[in-house]
Each structure stands twice: as C-alpha cells, then as structure tokens.
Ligand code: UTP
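Only one chain is given next, in structure tokens, and it is the form predicted on its own.
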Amino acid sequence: MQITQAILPVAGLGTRFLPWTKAVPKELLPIGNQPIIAHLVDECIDAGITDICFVISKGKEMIPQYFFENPALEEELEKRGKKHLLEDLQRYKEVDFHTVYQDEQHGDGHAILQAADWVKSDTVAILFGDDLFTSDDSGLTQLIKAYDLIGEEVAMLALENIPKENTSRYGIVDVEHEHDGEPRLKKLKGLVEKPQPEDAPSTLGIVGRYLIPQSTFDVLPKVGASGGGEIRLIDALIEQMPDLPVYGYECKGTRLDTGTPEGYQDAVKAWKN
C-alpha cells in the first residue's frame, strides 16, 4: 500500500533549549550538514511520501520557510558561481508542503488533529521531531515495510527495547504475539502511557513514528473530552483497539533522541560517525 501523506508535529516551544529557541526553532538545529527537520522530510521522501504537513505554532514559520524556493538568492548565487550551495534543496521542489497552526498545546493528539481536514489518504504517517534513526532503512521505511506484511488496515507504531527503569518516560506496549517469520513485528493487545517500571507490561517503548488510519482522527476529539482536555494519540489508539488491529515494529538501527540538550549532543556525535 502506498502511503502518500505525512504529518510532522513541530509546534513545541523547545523550552529545554532556551535561550537558543527564543529565536530559532529547535528543529532547525543542525545534525550533520542539515537541520533536524530536513532529516525528517528526507525520511518521508525516501519512503515515497511527497505530501507533507507541518503543525507549527506562531513564531516557528522558519521551519516551512527553510524548504521554500528563494529565486533572488538562487540568482545571486548563480552570478557568483556558487549555485551548487543550494543543490541539496532541489529535491524539495517536488514536495507539496502544507502548514497548519496549533495555537494552544493540549497534547500530541491535539497537534495531529489540527491537520485533520488536510488528510485525504486512508493511512497517514506521523513523525515526531525528537527521534531520528540511523540504519540502512529509516524508521518510517521500516514501518511501511512492516505494514505491507499485514495486508489490512492497521495502526503501526515504531518500538524500541528500552531500559526497564525508563518506562515512565514512554508509552509502553503489551504484546499479544510476534508475527510469523518476522519477530520484530508484534501484534499488540494493550498500550500504557508512561507506566512505572513495576507496572510496565514490557520494555518496548513507542518511539516517534506512527502509521495511523484516517478513522483515528474521528476518535481523537472524544478522548480529549474524557481526558480533561488533553488529547493523546495513545488514548485514541487504546479506544480503537477493540475494532482496529494495532501492531508495533521493533526498529533496527540506533535511535537518536534530540529532545534534550544532552541527547542532541550525543546525536551530533553519532551522526558524524
């Protein structure tokens, strides 16, 4: 199944990176010779997705602007014989970028919900900006390949085996069984948001990549009404589990956590290697 649309929720204020993020969005911090957000967009393109929606907050317009054409700059660089400096940006000319705003932040599901009217495909990819993956296949590509093994409409979550003492920082999955022939692919029977280690059903945490059906957008407002206004994607998927198969795929490679200054520093070092 060809997945053609992706939502990138990047509206967070990046308070852990202040004062830098007072002026520049965290997603524009460099990893290698590209900003974090470009790695996410490249991940989409490499997976065949060229219809991408940014969910931003006021003041983060620099994120979509990074991908816009700048004819005046291109003309000036051509005059100086330096147009090659923008060659890496040429691949974005074939991408259809869309931007919506999240004026108030009420959870990751609330961010995704801002793009509900934009979604046209049966299944949409969700990429959160704090996680990058280093492997031959990106995290998103691995999810799509796992999705194709199922052959029916499902929700698919990226998983990582994490230290047990860190379960309170992640959504944790409860595994029903492994897929025949692919033990990394797991049918799930439960999801728990940030359980204490003694209460966690496993050490498989949800990490930054999802494939969700369009029907999830209908459920998100309902879980917000019952959750005191906080709208969480995991709650919507829990609500859907009786009728929607939910799978997780334990991704290959190394996940880089850019959500904290310490994690970002480690990611920069790892990317160089």
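All residue numbers are counted from 1 along the displayed sequence. Since the model is a prediction, treat every value here as computed from it, not as a measurement.
Only in words, not in the display: the form predicted in complex with the ligand, which the text now covers.
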Triple contact flag Leu13, Asp108 and Phe128 to the ligand in the model of the complex, non-hydrogen atom at 4.5 angstroms: yes
Heavy atom of Ser202 within 4.5 Å of the ligand in the model of the complex: no
4.5 Å heavy atom contact, Gln102 and the ligand in the model of the complex: yes
Interface membership of Arg209, the ligand in the model of the complex, 4.5 Å heavy atom rule: no
Close approach of Pro9 to the ligand in the model of the complex, 4.5 Å, heavy atom: yes
Option from 108-116, 67-75, 171-179, 153-161 whose residues, in the model of the complex, bring a heavy atom within 4.5 Å of the ligand: 108-116
